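Form predicted on its own, single chain, as C-alpha cells, below.
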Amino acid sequence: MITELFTSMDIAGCRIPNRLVVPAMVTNTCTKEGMVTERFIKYIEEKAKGGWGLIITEDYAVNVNAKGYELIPGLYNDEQMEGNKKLTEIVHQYESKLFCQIYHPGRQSTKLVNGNVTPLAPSAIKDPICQEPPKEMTVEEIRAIVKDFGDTAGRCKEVGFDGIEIHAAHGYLISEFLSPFTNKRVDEYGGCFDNRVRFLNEILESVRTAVGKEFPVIVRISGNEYLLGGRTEAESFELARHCEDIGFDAIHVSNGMYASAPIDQIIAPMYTKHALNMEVSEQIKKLVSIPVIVTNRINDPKMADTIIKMGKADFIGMGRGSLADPHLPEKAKAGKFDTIHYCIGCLQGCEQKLLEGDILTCLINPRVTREYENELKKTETPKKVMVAGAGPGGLTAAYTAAVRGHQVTVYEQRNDLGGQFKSAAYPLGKGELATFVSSMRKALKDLNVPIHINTEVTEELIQKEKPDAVIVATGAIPFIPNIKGRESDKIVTAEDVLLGISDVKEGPVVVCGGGEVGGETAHFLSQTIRDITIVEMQNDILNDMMIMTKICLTGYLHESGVKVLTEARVNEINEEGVIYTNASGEMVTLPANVVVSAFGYRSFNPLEEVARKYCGEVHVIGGAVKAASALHATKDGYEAGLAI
C-alpha cells in the first residue's frame, strides 16, 4: 500500500504535487548552439503527461564552453530563451513542476565537445575517464563563471522555470572545488572546508541576486565520492548544514564522480545495491529542516514510498525509471504495479549510447527521446498482425502494433515468453531482467493480444490465419563452429545451463567463449563448481558488454576464482577436454568434464521466405536479421510496430 508518494510538498513555496522526481539526465538531443529542440521538449512533456511531481532538466551550460556533452542545452544567451519559454509553457499544461539544472562540467569534459577549449578545473588534475589535461583556473576565471551562473539563473526565471538546481555533485566544476580529491589549491579557494565552499557560496549569491530570495534554488551534492581522498559522508553532513545555512531550499543527495569505481557510479549499473544513498540522505534529513531528495538505483514506487515512510528522504529521484516508463507515476497511483516497465539497470541505451556520442535511448523503452516522431495514434486501417517469436523484439513489436489498434496475435515456439531474455535473468545480479518480460506479458494481456506458447509458426498456420502482416522475430540461436568433436556429449549450451536444463555437477568445466554469455555463465556456475576456465580467442573477455558492467563482472570472476585464457582458439573437444591453440601457436589440452558452449549466436530466420508467399507485408527484426543485443531487438520491434 502506498501512503506517502502521492502527497504534495512545498519547496520554498513551490507546491510539488507528489514526491516523485525526475533527476537531470543527459539526452544529447539539443543543438550545438545549446538550443532546445522539439525532440527535447516532447521528451520532457511525456514525463509531465506521466505524472511526475518534479522534473529537473538535464544540465544546462552556463557559458558556451561549459559543456560535458556536445548537444546539451544552455541559457547563456538570450537567443536560447524562446525555445525554453515554449518548454515551460507546455509542461505547465500538466501538474508537474519544472526546475532547470545549471552547471559547468569542469575537468569532466573534452575539447571535442567543447569548442576546442581546454577544460577548466580548480587544479590541473586529469580526469581518468575524459583524459583531457585541464587548466587550473585563475581567480579572474572563477569570478567570470560565478557571474555566468547568475546570468543563466536570471534567464531560467524569466522563461518560466519553477526553480533552479545548482549542480554541485558528480565531479563537475563546483564539486571539484568542494572535494579535496580534485582541489589542491592553496589560495582562498582551496585548503580548509571554508575555502573549498567559497566558490559555491559565491555562485549562490550571484544566483540569488538574479532571481531573488523567494525563488526556489536547490543544490545537488554527492554524499560519498567513493574515492581514496575524496569526500565521504562525514564532510558531506557538514556540507549539507552549510548549504541550508547559506540559503538553499532543498538538498538533492546523489553519489560519486566520473573517477569513482563502476559499482559506485553516478549512473549505477545493475550490480549496485538499490537505494544506495538512502542512509546518507536520512542523516542529512535529520540535520536540516529543508526538504531532501535522494536518488540512484530506486526504480520501484513501493520502495520509494517505503523510503519516505522510513524518514530517509522527502522526495525520490527515479532517473532511469522515468526513461523505462515515463508513465510510472500514473500507473503506481492507479495501483497497476505489474504494468510498469521497470528499469533493469543495463545502461546499454542511457549510458553506453552517450559514451559513444549518440543520443540517449532505452532497451526497455525504445520510444524514449523519439516521442516527437509520432503520438502513437490509433491507425485508421487496422490490420491482422502475426508476430512469430516472443523475445524482446517480438514483444515490443506486438505491444507497439496493438497500442496503435492493430489486431495482433503472438506465437512462441517455446513454452514461455522472453526468448533468450528469459535465461539472461538467471546470472547473478541480473534477476531484474525478468521484470521486462513480465510487464510486457501483462501489457499485452490488457491490450487483448492473444499469446500462443508451444506454437510454431508454420506455412500451414500462415495459410490458415491469413494475416495482413507478419513480423518475424524468431531471434538467434547458439552455434558451435566447425571444430572436431562438436557433437560430443560433454557439450552443453550456456542457455541450458542457466535454465537448469543441463545440470553441471562437477568440474573441471571449460566455458568456450568469453563474451557476456560465457562470462555470466561461468560466474553463475562458480556458486557450485570450483574448477572453471573461460577460453576466449580475443585478447580480452566481455568485449560485448557495456563498459561499467564489464568492469564489475571482470572483478566478480576474479573473486570467484574463475580462470581466464585469452588468445586461445579452440580446435577440438575430446574425451580429455578442450584442445586449443595458444598465442604462441602451441597446442594445449585443457581437462574438462563439461564443456559449456558460449561461442556465440547466429541469426535464425526460417519464416521470411514462406511468409512472403502468403502475405504482402513481412518485417524481419532483431536476431532474425543479425545476432545482436536486446537493445537492437526492441528498437527493431518498435519500428516494425510503427511501420505496419
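Residues carry their position along the shown sequence, with the first being 1. Computed from a prediction, not measured in an experiment: that's the story for all the values here.
Below, we turn to the form predicted together with a small molecule, even though it does not appear here.
> Is residue 631 close enough to the small molecule in the predicted complex to count, meaning some heavy atom within 4.5 Å?
Contact with the small molecule, no.
> So in the predicted complex, is the small molecule close enough to residue 295 to count as touching (4.5 Å, heavy atoms)?
The answer is yes: residue 295 has a heavy atom within 4.5 Å of the small molecule.
> Does any heavy atom of residue 48 come within 4.5 Å of a heavy atom of the small molecule in the predicted complex?
No, residue 48 is distant from the partner.
> Looking in the predicted complex, any heavy atom of residue 317 within 4.5 Å of the small molecule?
Looking in the predicted complex, residue contacts with the small molecule include residue 317, since a heavy atom lies within 4.5 Å.
> Just one of 590-598, 31-39, 58-66, 604-612 has residues with a heavy atom within 4.5 Å of the small molecule in the predicted complex, so point it out.
That would be stretch 58-66.
> Counting non-hydrogen atoms within 4.5 angstroms of the small molecule in the predicted complex, say which of 360, 529, 125, 537 makes the cut.
Among 360, 529, 125, 537, a heavy atom within 4.5 Å of the small molecule in the predicted complex occurs only for 360.
> Counting non-hydrogen atoms within 4.5 angstroms of the small molecule in the predicted complex, say which of 444, 227, 266, 142 makes the cut.
Contact residue from the list: 266.
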